[in-house]
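The chain below stands alone and is given in structure tokens; this is the form predicted alone.
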Amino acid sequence: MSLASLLRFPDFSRRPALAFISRRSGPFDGEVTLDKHRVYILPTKIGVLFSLLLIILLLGSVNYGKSLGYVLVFLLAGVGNVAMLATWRNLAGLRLRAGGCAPAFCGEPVRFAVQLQNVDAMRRYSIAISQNGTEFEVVDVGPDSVAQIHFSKTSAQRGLLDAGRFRLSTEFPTGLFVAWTWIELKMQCVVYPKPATRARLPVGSSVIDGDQNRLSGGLEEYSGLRKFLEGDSWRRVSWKATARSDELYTKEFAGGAPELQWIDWSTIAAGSAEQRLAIMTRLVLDAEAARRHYGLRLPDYEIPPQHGTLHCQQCLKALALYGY
């Protein structure tokens, strides 16, 4: 295996020589500074060719006794040493903070954010982030400022997804050397169950129309039509509008109590727990799209009826973490 492959696909368990890097790579509790013990540097392919060129020039100068050849070799070697220090310094000293991630559904890419804080007066150029050999973003970090850089992982199952170890690297300014580090921050993302394509309310589920659940004597006022969604009450279907367009439409009213719905684990018929969670996920999304007040009942947990983005996220998180 080549050196480049070794740097991109580290297997610390099979390469004891890399154990010291593993110990310095984390996981860290949300924050770490890239001090001199955590930044490593090696020549790139161009750097290796540059070194071979210097050796050839040196041998030629020795063989033919060319003083100007010695001057050129030592001058280029000095440039190489300065470039090596500049590349290493471009990465060393950065502070990394976990930037979190947005929840995603199973099978979708999860995007993790890492904050790069530069506390020095110098600008950091071309900082790249990668994982498993795939490079995601390259950013610059201004003096005494913070930048965000992102990498993605594909979620294979619901629950909590660990960000894992990622690689930061830079080849600035000459491309002769690459400074790099492996870092793992304690970052987790909630992965919601993959929703079923379609789901119907089970027979016997608790759904109460708003006009049957009034808390006051106020009358509902007709406010318009919208397309029929799975789980809508058939009592509110506008059959006249349906006859004109061959599509189902639901009447909407203002001023009355909202329609209530319970999404109950015990009423869902499915062959496995994961299929049941997928159906309940679809029902939550449909109920939120229809702006109903809905509640969630799991075997050991219950969320009272409500609506809105935060309530939807709370229900989806409960489904994602069921059994954990």
Partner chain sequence: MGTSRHSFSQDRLTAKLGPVLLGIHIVALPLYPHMPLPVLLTVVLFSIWTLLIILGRVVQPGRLTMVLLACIVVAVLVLSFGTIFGQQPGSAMLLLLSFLKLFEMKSTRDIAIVIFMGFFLIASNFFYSQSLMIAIYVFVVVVYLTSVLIVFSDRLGTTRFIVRVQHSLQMILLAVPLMLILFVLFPRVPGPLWGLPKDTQTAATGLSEAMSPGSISRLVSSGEVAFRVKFVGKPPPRSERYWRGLVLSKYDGKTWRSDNAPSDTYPRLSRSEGADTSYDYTVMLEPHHRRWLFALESIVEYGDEQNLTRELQLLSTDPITDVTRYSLRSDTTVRNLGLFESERGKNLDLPAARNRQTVEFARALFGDSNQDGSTYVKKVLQHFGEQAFFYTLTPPLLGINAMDDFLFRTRRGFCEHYASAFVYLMRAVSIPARVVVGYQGGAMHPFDDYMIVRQSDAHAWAEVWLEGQGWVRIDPTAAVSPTRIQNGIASAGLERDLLPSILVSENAWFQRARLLWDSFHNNWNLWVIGFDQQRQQRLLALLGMKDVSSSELVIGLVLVMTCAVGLLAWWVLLSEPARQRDVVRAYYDKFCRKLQKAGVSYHPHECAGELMARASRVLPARERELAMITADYQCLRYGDDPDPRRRERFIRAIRRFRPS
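Residue numbers count along the first chain shown, from 1. Take the two forms, superpose them, and find the largest set of C-alpha atoms that agree within 1.5 Å; that set is the rigid core. Every value quoted in this text rests on a predicted model; they were computed, and no experiment measured them.
In what follows, reference is made to the form predicted together with the partner chain, a form of this protein that is not presented.
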Quick one: in the model of the complex, does every one of P27, L185 and Q306 get a heavy atom within 4.5 Å of the partner chain? no
Among A289, A273, A269, L53, just one has a heavy atom within 4.5 Å of the partner chain in the model of the complex, namely L53
Sole residue of A104, A196, A113, A128 within 4.5 Å of the partner chain in the model of the complex, by heavy atom: A128
Using a 4.5 Å heavy atom cut-off, indicate which stretch of 130-138, 188-196, 104-112, 148-156 touches the partner chain in the model of the complex. 130-138
Is L160 close to the partner chain in the model of the complex, meaning a heavy atom pair under 4.5 Å apart or at it? no
Does the 4.5 Å heavy atom contact test between V237 and the partner chain in the model of the complex come out positive? no
Closest heavy atom of G78 to the partner chain in the model of the complex, within 4.5 Å or not? yes
With a 4.5 Å heavy atom cut-off, would you call P299 a contact of the partner chain in the model of the complex? no
Counting only non-hydrogen atoms and a 4.5 Å cut-off, give the residues of 42-79 close to the partner chain in the model of the complex. K45, I46, L49, F50, L53, I56, L57, L58, L59, G60, V62, N63, Y64, G65, K66, S67, L68, G69, Y70, V71, L72, F74, L75, L76, A77, G78, V79
For G295, state whether the C-alpha moves by 2 Å or more between the shown form and the other one after rigid core superposition. no
